[in-house]
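Given as structure tokens, the chain that follows is alone and in the form predicted on its own.
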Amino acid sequence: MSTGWFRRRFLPGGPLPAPRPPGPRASPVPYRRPRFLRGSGSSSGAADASRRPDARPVRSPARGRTLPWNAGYAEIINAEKSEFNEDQAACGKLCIRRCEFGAEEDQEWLTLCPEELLTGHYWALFDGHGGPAAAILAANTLHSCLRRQLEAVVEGVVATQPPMHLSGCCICPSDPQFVEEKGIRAEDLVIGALESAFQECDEVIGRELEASGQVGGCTALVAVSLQGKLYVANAGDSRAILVRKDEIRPLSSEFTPETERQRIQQLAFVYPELLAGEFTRLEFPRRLKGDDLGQKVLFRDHHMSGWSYKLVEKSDLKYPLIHGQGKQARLLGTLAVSRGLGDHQLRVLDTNIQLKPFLLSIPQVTVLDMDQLELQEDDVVVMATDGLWDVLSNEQVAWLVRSFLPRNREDPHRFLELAQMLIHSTQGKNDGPTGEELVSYDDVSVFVIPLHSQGQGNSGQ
């Protein structure tokens, strides 16, 4: 993102874009549930179920519908938090086709080979806010963006070492040495494709929501299997963990206003116009009051991981850029996440201050090399939206996994049943890992992905 583009797009006083000619407004994004839930046999509609907290059905794919790698999936709608389930999910097979350099004079890239060069699998969870539209668009769009981005670099992905020039031409004989010295590997191209796909999807969501007159955003958590590796890309506060007999390995980090405080504060330091004189970028242990004027109080700024003291000035009494703690922390008093897709039209209440400049659509990507693990039959990745992690820790989820899977190895539907059990454990049952009544009132969506077979024989749809 160039500085010039950023100033033109977000800062006041920059040149305004040319007005668009009036045209018919696009139809709103229709509400729906994931395609693989069709025929699941749920008797209650989403809106009906949300109005009856005692009848929040746990929905899963029909027993005859196999997901990639025989993964399990389950979901439950919120308890009247909103009319619809704002979570969305997607999964399937990724078919990456070869692109070869054409012989035409214009030297365009052409898809010349119809056969698949590379195949993988894809699982994704999207947690919407401000309505379900952004999550639905992401579920419909992100996998296509990812396929296009991977097809653009697939020759480098399958090469022993990514070439300097994708066309194969040699400008400098030392090019392979330069690539090696930079430590560039095939997995770096996959990471780059994921990052670019998230950004492309974010732009698509912005255009579609603007055209349909809708608003909203969503977090995104994606797992992609390719060439013996599992890539977990996260933008938001959903979470993925690897659970093995003797190991719990986090595969993602949550991105909230608290965890990204320094990045957000630095942006406000470089572009103070973004705060429109309404907020202070500085962090204090609590909201300052008039009586604090002239006193030295604890604070920290964008360049500080530690704390110091400063003399309170009148400008410090403004509302903090980041306020609250834990789940109550909010960016500009509005949003609880700092990365995600959408939210292009989101503004601070009663102001024209945009939140989008502070939100990143770029994910953090973690790579799990499955070929380097001695995978066992009960090794799984658990992916879930924050509704699960609000009430269950990594250790509690691992306890449930280790308690359930060894006792049910003969059950072909055990991963689906485990996903259902994880959700039931958030619904006020006192037979959970702590014996306490753990209740999540949020939407909850869970994938349980078994790693032992690494997808052999399960193409998924």
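Keep in mind it's a predicted model, so treat the numbers as computed, not measured. One rule holds for the numbers: they count along the sequence shown, beginning at 1.
Just so you know, the form predicted together with a further copy of the same chain exists too; it's not on screen, but the next bit is about it.
Although the partner is absent here, G306 sits close enough that one of its heavy atoms falls within 4.5 Å of a further copy of the same chain in the predicted bound form. Proximity of L349 to a further copy of the same chain in the predicted bound form falls outside the 4.5 Å heavy atom cutoff. a further copy of the same chain is not shown here, and in the predicted bound form it never comes within 4.5 Å of any heavy atom of R207.
At least one heavy atom of F284 is located within 4.5 Å of a further copy of the same chain in the predicted bound form. Only one listed stretch (366-374, 129-137, 183-191, 233-241) carries heavy atoms within 4.5 Å of a further copy of the same chain in the predicted bound form, and that stretch is 183-191.
Taking a 4.5 Å heavy atom cutoff to a further copy of the same chain in the predicted bound form, the contact residue among D316, E195, E151, E260 is E195. The partner is absent here; in the predicted bound form, the one residue of A79, M164, L275, A90 having a heavy atom within 4.5 Å of a further copy of the same chain is M164. Although a further copy of the same chain is not shown here, in the predicted bound form the stretch 240-274 places heavy atoms of F269, V270, Y271, P272, E273 within 4.5 Å of it, in sequence order.
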